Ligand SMILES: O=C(O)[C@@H](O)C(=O)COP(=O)(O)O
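Only one chain is shown below, in structure tokens, and it's the form predicted alone.
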């Protein structure tokens, strides 16, 4: 995909996420890996009102090259994309239900979202680690995010929100949407008698088939 096409897709999918309530105000940020650098949503930008020409461009060394100043959480995206060289994009949202789980999950442990649907396993995987709380924009979280991303395609920032990677921007957006739906189901069904999750053999089968 060309850089121009990536910029256009970032605008389109950012608006889609915003219009459906996955981000509010200026919350959330997105990055896309290019052949020779990265695109990133600018600081204090609204995902619903991005301007393709003003999207931040960073070089291979993550130095700002052009466009508006990048998100203050650039280090968050760097940590994930360096940990997962197969990933082509990262989506960080403050979506309601996934953030609620991030307020419940044990810091440094795994979030308690059971494998209720095959699509959660297919898009997110077996683990959903929760990185301990850091102030938004605090670069000190980078090592912890990097360590979590080595083991999982998606993670939660405690009391903050989800961070999801994918092979492409579309893949990352779809996975972030699936995570939000899984979090909603987990909260809706918490404590309900007779809850049936996928068993270990079913999860293993999905991971063998879909990675």
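Numbering follows the first chain given and starts at 1. On a predicted model such as this, the values are computed, not experimentally measured, just so you know.
Another form exists, predicted in complex with this ligand; not displayed. Remarks below refer to it.
Exercise for review: Just give me the single entry in 109, 118, 114, 136 that has a non-hydrogen atom within 4.5 angstroms of this ligand in the predicted complex.
Suggested key: Looking at the other structure, the residue within range turns out to be 136.
Review point. Want to guess which of 26 to 34, 182 to 190, 57 to 65, 147 to 155 is within 4.5 Å of this ligand in the predicted complex, heavy atoms only?
Key: The contacting stretch is 26 to 34.
Check your understanding: Could you tell me if residue 72 has a non-hydrogen atom within 4.5 Å of this ligand in the predicted complex?
Key -> Answer yes; at least one heavy atom of residue 72 falls within 4.5 Å of this ligand in the predicted complex.
**Study point:** Contact label in the predicted complex: residue 84 to this ligand, heavy atom within 4.5 Å
**Key:** Heavy-atom contact with this ligand at 4.5 Å: absent for residue 84.
Review point. Is residue 168 close enough to this ligand in the predicted complex to count, meaning some heavy atom within 4.5 Å?
Key: Answer no; every heavy atom of residue 168 is more than 4.5 Å from this ligand in the predicted complex.
Check your understanding: Taking 4.5 angstroms as the cut-off for heavy atoms, does residue 92 touch this ligand in the predicted complex?
Key -> So residue 92 counts as contacting this ligand.
Review point. Within 156 to 188, which residues have a heavy atom closer than or equal to 4.5 Å from this ligand in the predicted complex?
Key: The stretch 156 to 188, when checked against this ligand in the predicted complex, contributes only 160 at the 4.5 Å heavy-atom cut-off.
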